[in-house]
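Single chain ahead, written as structure tokens, the form predicted alone.
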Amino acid sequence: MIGRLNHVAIAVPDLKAASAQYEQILGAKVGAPQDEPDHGVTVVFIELPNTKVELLYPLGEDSPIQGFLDKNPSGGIHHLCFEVEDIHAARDRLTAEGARVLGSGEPKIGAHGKPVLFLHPKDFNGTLIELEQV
């Protein structure tokens, strides 16, 4: 059901410094910061030959990333994103198997302009999973 790994998301306490690390030290292609108000984050995508790294930084006081950073002040891996062909079919199959979809259960538009859903980390070995329709 899941396709390729779309990205690994890392919550960071300093977006500018983290972006500079990837660009200057690792030599990666780093995108511009992009505010995603519906998700309460500012994101920067690091382009790699086979996938992406998404840097996440809190946007606004109610950002879900702030809670993560409060528990992990140095930052850390926040979620994995996998591609799916049909996000509604994937959701229906997963919920039938007992997986919990976060939020209303309806897809939102993500940073790539495509529908996304998040799956409860307790259902996937402590890892938050994002599904993105291709």
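Everything numeric in this text was worked out from a predicted model, so none of it was measured. All residue numbers are counted from 1 along the displayed sequence.
We do not show the form predicted in complex with another copy of the chain, though everything after this point is about it.
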Residue 27: touches another copy of the chain in the predicted bound form, heavy atom cutoff 4.5 angstroms: yes
Can you tell me if residue 76 lies within 4.5 angstroms of another copy of the chain in the predicted bound form, counting non-hydrogen atoms only? yes
I'd like to know whether residue 88 contacts another copy of the chain in the predicted bound form, with contact meaning heavy atoms within 4.5 angstroms. no
message = Taking another copy of the chain as it sits in the predicted bound form, is residue 111 near enough to touch it, meaning that at least one heavy atom pair lies within 4.5 angstroms?
response = no
Only one of 35-43, 76-84, 101-109, 57-65 sits within 4.5 Å of another copy of the chain in the predicted bound form by heavy atom distance, namely 76-84
Within 22-51, the residues having any heavy atom within 4.5 Å of another copy of the chain in the predicted bound form are 22, 23, 24, 25, 26, 27, 28, 48, 49, 50, 51
